[in-house]
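Just one chain follows, in the form predicted alone, and it is written as structure tokens.
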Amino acid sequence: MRFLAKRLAGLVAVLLVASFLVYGLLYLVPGGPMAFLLGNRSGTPEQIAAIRAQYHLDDPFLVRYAAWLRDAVTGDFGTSLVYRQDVSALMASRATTTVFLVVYATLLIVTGGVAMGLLAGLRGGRADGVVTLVSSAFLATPPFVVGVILVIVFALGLGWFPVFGAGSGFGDRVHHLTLPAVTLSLASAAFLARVTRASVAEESGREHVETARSRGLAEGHIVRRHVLRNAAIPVVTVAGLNVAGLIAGSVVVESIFALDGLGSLFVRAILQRDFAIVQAVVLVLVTAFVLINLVVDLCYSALDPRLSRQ
């Protein structure tokens, strides 16, 4: 419980700093908040005064930040300047697509990356060479190139998957989001495979593993009890970082496959200078990133209880 309390305290501190930066960076852009609120228009002095009064721009900075943070904690991110709708409602209608895509890609990364790494680390030889070659190719190919190739081959050429859209219902969503999830996960799965291979190969050569083999223990028992458990910590670290990175990577993938998720909403908000949406999406993404890191820390504690005493 003490370990968890320390991590939660750190999480709150990180979120406070992140929220301050998210809100404060808006005031560093040329023209400040008024540049976003007016856009390309030139307002009269009366209109400018009315806008400053509406958004409390004449209040001290810390007062405005405290009011924004209080509303953000309750889920109120204000009103979109472009859509004239509640920002929370706009995000909620698009969050399902992004969450489904990230979870789908996470499953592909963990299952595919760990499986390839175990195959290369335990078998060695030709299997190791093939996995190393394939992972190198995946790591060297940018996601947008992978996405275009998958669309040309499997959507336009073979017609197995739709070109765009997120679908409706579980089965239809899986069908529609398969190509985006593969695009999002390939490089991360390849990197995880390399880390898993190196970690398993290192643990397999440890003295206690050799001792277990000399005692005649079954190879499956040795792998499960002595190799995989000790090799899991670096694998969990890389998997957690990759999953957190998927949140940012989804911006590119959603644009390629015309998915109406948080990533595409974020890009449009930047282009349209809709600062309320930009602030909200960035804060939500940072929160998700920090929560994933908390889960990784808890996995460390489960795999090696000694880490919870640090």
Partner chain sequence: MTRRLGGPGVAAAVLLAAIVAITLLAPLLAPYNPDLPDLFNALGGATAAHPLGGDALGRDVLSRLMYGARTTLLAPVLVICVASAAGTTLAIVAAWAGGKVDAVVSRLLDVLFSVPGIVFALVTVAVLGPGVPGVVIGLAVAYTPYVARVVRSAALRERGLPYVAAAWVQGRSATAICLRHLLPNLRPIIVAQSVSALGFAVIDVAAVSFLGLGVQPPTADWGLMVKSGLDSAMRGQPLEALSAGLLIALVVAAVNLLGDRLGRQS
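Just so it is clear, the structure is predicted and the values come from calculations on it, not from any experiment. Positions refer to the first chain, counted from 1.
Keep in mind that the form predicted in complex with its partner chain is missing from the display, and what follows is about it.
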Seminar exercise, completed: Testing 110-118, 73-81, 166-174, 139-147 against its partner chain in the predicted bound form with a 4.5 Å heavy atom criterion leaves exactly one stretch, namely 139-147
Exercise. Is Val252 close to its partner chain in the predicted bound form, meaning a heavy atom pair under 4.5 Å apart or at it?
Worked result: yes
Exercise. Is there any non-hydrogen atom of Phe289 lying within 4.5 Å of its partner chain in the predicted bound form?
Worked result: yes
Exercise. Taking heavy atoms only, is Ala66 within 4.5 angstroms of its partner chain in the predicted bound form?
Worked result: no
Problem set entry | its partner chain contact in the predicted bound form: Ala49, any heavy atom under 4.5 Å | no
For this session: Give, in sequence order, every residue of 248-274 that has a heavy atom within 4.5 Å of its partner chain in the predicted bound form, or say none if there are no such residues.
Result: Ala248, Val251, Val252, Ser255, Ile256, Phe266, Val267, Ile270, Leu271, Arg273
